[in-house]
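Given next are two forms of a protein chain, the same chain in both, each as C-alpha cells and marked structure 1 or structure 2.
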Structure 1
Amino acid sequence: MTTGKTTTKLDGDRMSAICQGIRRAILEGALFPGDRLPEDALGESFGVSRTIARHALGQLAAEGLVDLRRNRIAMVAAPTPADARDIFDIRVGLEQQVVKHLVGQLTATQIRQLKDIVQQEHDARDGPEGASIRLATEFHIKLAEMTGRPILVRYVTEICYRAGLSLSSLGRPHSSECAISEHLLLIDTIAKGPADKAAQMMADHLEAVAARALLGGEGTRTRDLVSILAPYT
C-alpha cells in the first residue's frame, strides 16, 4: 500500500465504501456539480489504489451521479432542468408505489421509526444544511425499505440521490420546515388514510419539494477535494 496510513480497516468492501462516501458528499452538497474527481486523489482520500477508485466512479456514473468521459477527469454530474423534471416525475411514480404497498400496513414500531427520523430532522433544523437534506432523504428511503421490496428500495434510493443532486445543482439551499410537517402528515395518512389520499399526498409533497427549491441562489463552498471528502472516508 502506498499510503502511509494503516488503512486495513478490515474492509467489508472498499469499493462500496468509496461509492457511499461520494454519494453522501454529493447529497449533502459538499460536492458540487462540476467538481473534479481525479482517480488518484480519490484513491488517496480513501486509502485505496486508483483501480478501486476507478471502479467506484464507474458505478456512480451508472447511477447518474458522476459524469465520465473518455480520457477526461470524472466530474460530479450537472443535471439540466430537464433532467431534474424527469427525475422528479420518476420519483413520484416510484414513491407512489411505495405508498401503495404501505397503506394501512404500518406497524406501531415502524411508525415510531419514521417519527424518530422526523424528530431528528426537527433537531437538525438549525444545524448544517447537509444534515437536513440527508435526513429528509433518509425518511424517504426508510419508507421504501419498509415495503420489504429490495428492488424497489434500490430504485427509490438511487432516484433520491439523483433528486438531491438536482436540487443542489439547480435549487436553493433547502427549506426543511415545510418538509417536516409534511412528513408527519404523510406518516399519518399512510398509516390510516385511504390509499388514494396517501398516494396523492406523496405526489404533492414531492412536487412541493421540487417547486420550493427551484429559485436559483448560489453558495460559495470549499473547493478542495481532500478536505471535502475527509468526513466521508
Structure 2
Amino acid sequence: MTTGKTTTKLDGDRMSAICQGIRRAILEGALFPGDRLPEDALGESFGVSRTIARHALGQLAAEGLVDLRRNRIAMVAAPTPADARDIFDIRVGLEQQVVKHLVGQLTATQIRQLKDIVQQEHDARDGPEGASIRLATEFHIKLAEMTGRPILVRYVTEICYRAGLSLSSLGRPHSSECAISEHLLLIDTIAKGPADKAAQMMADHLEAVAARALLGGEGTRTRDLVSILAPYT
C-alpha cells in the first residue's frame, strides 16, 4: 500500500524529472523561446498528471526559463539581447564570489569532478552546440555547489540557467575549444590562487563567453512538442 509520504516523494521525483528534461531541451536548443508548453502535452510526454506538470512549470518559471501567462499558458522564456547583457553583468559578480570562497579550498575529489565535466565538454565539442552550452552551464553550477552556501548556489544556478537560455537562443555558432581551455585554467587557478587572480580570470572568462557568442537574433518554428521532448523523457 502506498502511503501519503511515498506518494509525495514519487510526485517530487516525477516533477524533478520533468524539470530536468525540459531544462536540457531548452539549454540544448531543442525548445525555442516562445514555444508553448501545454500541461497536457507535458503530461503525455513524461507520463504524469497535469498537476505535476503544472508544478514543474512553476519551478522552471522561478528559474527564469519559462514564462507563465494568463489562462495557464506557459512558454519558453524569450530573453532579449539587453536581457542577456544584464544577465552576464550580474553573473560576473556572483561567480566572482564563488571563486573567492573556493580559492585554495578545492579537494582532490572536487578537482576531479570538475575535470570530468570538462572532459565531457571536450567529447561533445564536435556535436550539437546545445550540448556544449549545457555542459558549460553544469560546470559553473558545480563550482557554486562546492561552496556549500545555499543562497549563493540558488542565485548562481538561476543566473546560469538564464545565461544558458540566452546563449542557446541568441548566440551564434562558435568553437567550444576556448571555453574548455578557460575552464581548465580556472580549475588550476582556483585550486592554487591567489584569489584576486582567480576572480579576475572568472570575470574575463564570462566576458569572453558573451563576446564570442551573444548576437541578436530572432526565429520561430512550429513543431510537435511531444516529438521534441521524446529524447528528454
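Everything quoted here is computed from the prediction, not taken from an experiment. For numbering, take structure 1's sequence and count from 1. Definition used throughout: the rigid core is the maximal C-alpha set that superposes within 1.5 Å between two forms.
So which is it, 1 or 2, that shows the form predicted together with another copy of the chain?
It is structure 1; that copy is the form predicted together with another copy of the chain.
For residue 79, does the CA position differ by 2 Å or more between structures 1 and 2 when the superposition is done on the rigid core?
No, the C-alpha position differs by under 2 Å between structures 1 and 2.
Where the rigid core has been superposed, how far does the Cα of residue 127 end up moving between structures 1 and 2, given in Å?
On core superposition, this C-alpha lies 2.6 Å from its counterpart.
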